[in-house]
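Quick setup: one chain, the form predicted on its own, written in structure tokens, and binding and motion questions come after.
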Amino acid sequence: MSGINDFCFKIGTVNGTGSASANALLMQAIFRMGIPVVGKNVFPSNIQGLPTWYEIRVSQDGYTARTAPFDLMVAMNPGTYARDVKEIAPGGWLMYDSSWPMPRALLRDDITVIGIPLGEMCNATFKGDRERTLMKNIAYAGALAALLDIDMDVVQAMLQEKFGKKKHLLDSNHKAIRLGYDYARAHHDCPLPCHLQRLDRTRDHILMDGNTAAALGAVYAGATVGAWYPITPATSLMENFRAFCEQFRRTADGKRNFCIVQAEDELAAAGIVIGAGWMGARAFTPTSGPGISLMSEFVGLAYYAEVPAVFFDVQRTGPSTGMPTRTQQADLLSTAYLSHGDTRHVLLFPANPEECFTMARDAFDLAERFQTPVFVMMDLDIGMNDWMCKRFEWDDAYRPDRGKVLDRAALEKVEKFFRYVATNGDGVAARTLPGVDPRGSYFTRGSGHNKLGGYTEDADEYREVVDRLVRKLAAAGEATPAPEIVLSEGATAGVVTVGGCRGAVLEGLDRLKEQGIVLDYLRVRGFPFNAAVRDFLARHERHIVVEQNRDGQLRSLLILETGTDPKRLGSLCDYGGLPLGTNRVIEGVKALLEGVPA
């Protein structure tokens, strides 16, 4: 990289100082210049005081994976100077606040140092510690605008949009931007060799995080009930759902036709969702690994009583509190078989906000069609970070798939209704909704029951019910989104991955192909695995499974569910809590192909 419209830079600041606004300004300005861009926030779990970083990747080819080392480092936190300097690529640049000296011992001969007295200028220009701190961030955005050749007309227009109704804030931000911009232009060579030139490659695209996209997808799917208990990194999903409902789920006279409940804990949230699903509402809860653990028993109830419910699992590093603001994919096994007894659940794996939107819709349709819990397996990187994705398609003709629900007219044709009797091969029994007709009434049992809904301790009757559930979940697996597959001529092995690993794996395969290493690619998008996954695994004697957890959970699922010989599946795991990087994929795949542990 390190060229025009193809570079990455990282900004190191202190949490709670207002740097998020400056970073968002930079990201959006690049996007508005028509240049593909992605941003990743690496932030601590406390409110303020600890280090935080924001990484921006500019890629005219649309690559989205995290890349390190970085071409440019903006070091605004003296506490992380040593770490920041180490992450600069040879030949790269270090920009820092020269109001205070940079220790000589940290400087490297193979980088260029750009000192800008941001603190000194802001102290002289603004009043009050808080304003000086906030404006210093805007000033470094101005300096970067000069160094990277960000269109100042775009920046000025964005400030006008945000602060146009608050003249004092608009004036302060304009002043701070110019401080950094003018100083950089006067004292340093601008632009740097790695800089920006206008393109037209963001047309019909938007910047959005996965939690917002999933919330909008839930509205699109017809969800009207949300229950939750606050948890990082899933909280903003429900906050956005509430905001969308306030806009789109009000009647003509202003009354709300939705219900959002902040429950006392995750158990209660799951119970509310399941109760609402039993009543016929489309209901969901967003949570993360610790919440999933607490919901286990209720999920088992919904599975066995066959009640539709949707769970958004925005995965984070565990266990328990772990590193709650770091990303991971470590809930795959726990959710696939969540709860006691023989359970198996439908899982969907989005790779970006666009799929968070479409798979939210799919999740509600699958939950009602197959009368079972469905989990949308996001992760923090997808859920909370900024991604460039295609504009969502909102089809007014879309109608929810409510599945086999008998209304009054249908019940009139049924001699006697039995809730758990399935009449066709997919294993799905018809259900009714409470209050529709007395002929459709039944007793919901989460305990041992026979196909007529009666309590039983008879082995044959119990097996008959749970064997039908196996058929039902197998049918659900074939109805989940098909895997993403890319076949390449001459490939002798395959790479299998999931979720947010997509960007790093696809870019890594492109780079490996340039080196003469050709591989096929599959990204799992649903569980239970459908026939396409099994067919792909049969193509080669060797595959490498790339995922973000320590123990190779996707690999284990593939072995358990497809019967693939473990010797045929190599494991490339990355689990430090940062988004997967392209270099990790390239180096790991090459090592495994050579027989060296990755």
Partner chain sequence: MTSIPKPRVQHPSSTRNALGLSRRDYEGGMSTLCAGCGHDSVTAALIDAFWQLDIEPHRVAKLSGIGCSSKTTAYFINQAHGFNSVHGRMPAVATGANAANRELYFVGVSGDGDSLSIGLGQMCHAIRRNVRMLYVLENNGVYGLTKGQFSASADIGSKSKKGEPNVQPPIDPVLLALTLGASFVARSFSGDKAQLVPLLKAGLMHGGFALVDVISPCVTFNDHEASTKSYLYTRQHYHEVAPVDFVPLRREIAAAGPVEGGGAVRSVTMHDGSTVHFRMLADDYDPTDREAAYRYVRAAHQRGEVATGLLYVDQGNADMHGVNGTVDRALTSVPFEELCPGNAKLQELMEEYR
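As the structure is a computational prediction, the values presented were derived from the model and not from experiment. Residue numbers count along the first chain shown, from 1.
Below, we refer to the form predicted together with its partner chain, which is not included among the displayed structures.
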So in the model of the complex, are 206, 408 and 433 all sitting within 4.5 Å of its partner chain, heavy atoms only?
-> yes
In terms of non-hydrogen atoms within 4.5 angstroms, which of the given stretches 553 to 561, 29 to 37, 50 to 58, 540 to 548 touches its partner chain in the model of the complex?
-> 29 to 37
Could you confirm whether residue 454 comes within 4.5 Å of its partner chain in the model of the complex, counting heavy atoms only?
-> no
Exercise: residue 298 in contact with its partner chain in the model of the complex, heavy atom 4.5 Å | yes
Should residue 324 be classed as touching its partner chain in the model of the complex when contacts are defined as heavy atoms within 4.5 Å?
-> no
Does residue 181 make contact with its partner chain in the model of the complex, using a 4.5 Å heavy atom cut-off?
-> no
Of the residues 121, 281, 475, 94, which one places a heavy atom within 4.5 Å of its partner chain in the model of the complex?
-> 281
The one residue among 414, 486, 267, 170 placing a heavy atom within 4.5 Å of its partner chain in the model of the complex is 267
Heavy atom contacts to its partner chain in the model of the complex at 4.5 Å, residues of 377 to 406 in sequence order | 391, 392, 393, 394, 396, 398, 399, 400
